[in-house]
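Only one chain comes next, encoded as structure tokens, the form predicted on its own.
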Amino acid sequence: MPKFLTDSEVKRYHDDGYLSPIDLMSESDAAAIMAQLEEVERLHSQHVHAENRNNAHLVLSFLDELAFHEIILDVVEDLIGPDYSLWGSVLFIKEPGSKHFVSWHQDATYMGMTSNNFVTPWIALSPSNKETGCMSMIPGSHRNAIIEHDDTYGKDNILTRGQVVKDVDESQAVDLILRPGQMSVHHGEIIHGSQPNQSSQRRVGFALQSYMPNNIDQHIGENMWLHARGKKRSQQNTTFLSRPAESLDKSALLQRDVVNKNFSDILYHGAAQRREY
């Protein structure tokens, strides 16, 4: 029996490749996290600027706590089983009126895993709707394995390589409308993307990318994992990451630098060019 989701929601996730919306916390709780993030941006912008938004959960205690939120962990367990680890996280921030967008893509394309059956929770810290540039999903596209992507390195494309799946039938797309404090979850192989933020407010999302069962390993780069729930994965060829003792702790910052270097080596493996993020 599922811990948080219903049987029909679990089935819908496996059929469609995503599930949304899921109530995670109140809007006031989301606003409190947003305020803490913006305080870090104001005082320590070098740690969360546009080229340094990977793995902030390893150095910011309030994002670490969010990554271990009981509802998130229960939802993940309902979808991939009781024993799993967290690979990383990304802050997706679109400023008001910015041209930044996310092209149609599949997350797993360049992550270098032995299996792509993993789940990404995406948490809205501000309104995520059509005007602000919410995510859109192509239902069922996770059943077609990885499709060839073109690397565009587009200036306004938030993705590392500006990777894009061509010839997507956009008439099939479903917009994931989320209020602050809600989340969606999606499969590693589903085709999805998002448009620019045409509103007068920021669109801020926190993606836990991704929670993976212990039978998935990294085959490009180093195996670096933050244990999340259940039995720990095998210690062979594995670096176990630590949760931050407090925000911006020196040892946590050093650990994040190592992890982000590994991330970059993985995501740009075989790339024609390499960007700053």
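All of these numbers come straight from a predicted model, not from anything done at the bench. From 1 onward, residues are counted along the sequence shown.
A second form of this protein, the form predicted in complex with a small molecule, is not displayed here; the remarks below concern that form.
K.L.:
Of L79, V185, V102, I72, which one comes within 4.5 Å of the small molecule in the model of the complex, counting heavy atoms only?
P.N.:
Checking each option against the small molecule in the model of the complex, the one that comes within 4.5 Å is V102.
K.L.:
Though the small molecule is not shown, can you say which of V119, L86, V165, M135 has a heavy atom within 4.5 Å of it in the model of the complex?
P.N.:
Selected residue: M135.
K.L.:
Under a 4.5 Å heavy atom criterion, is Q209 part of the interface with the small molecule in the model of the complex?
P.N.:
Q209: yes, in contact with the small molecule in the model of the complex.
K.L.:
Spell out, yes or no, whether the shortest heavy atom distance between N157 and the small molecule in the model of the complex is within 4.5 Å.
P.N.:
N157: no contact with the small molecule in the model of the complex.
K.L.:
So in the model of the complex, does any heavy atom of R203 sit within 4.5 Å of the small molecule?
P.N.:
Judged by the heavy-atom cut-off of 4.5 Å, R203 is in contact with the small molecule in the model of the complex.
K.L.:
Examine Y110 and determine whether its closest non-hydrogen atom to the small molecule in the model of the complex is within 4.5 angstroms.
P.N.:
Y110 lies outside the contact set for the small molecule.
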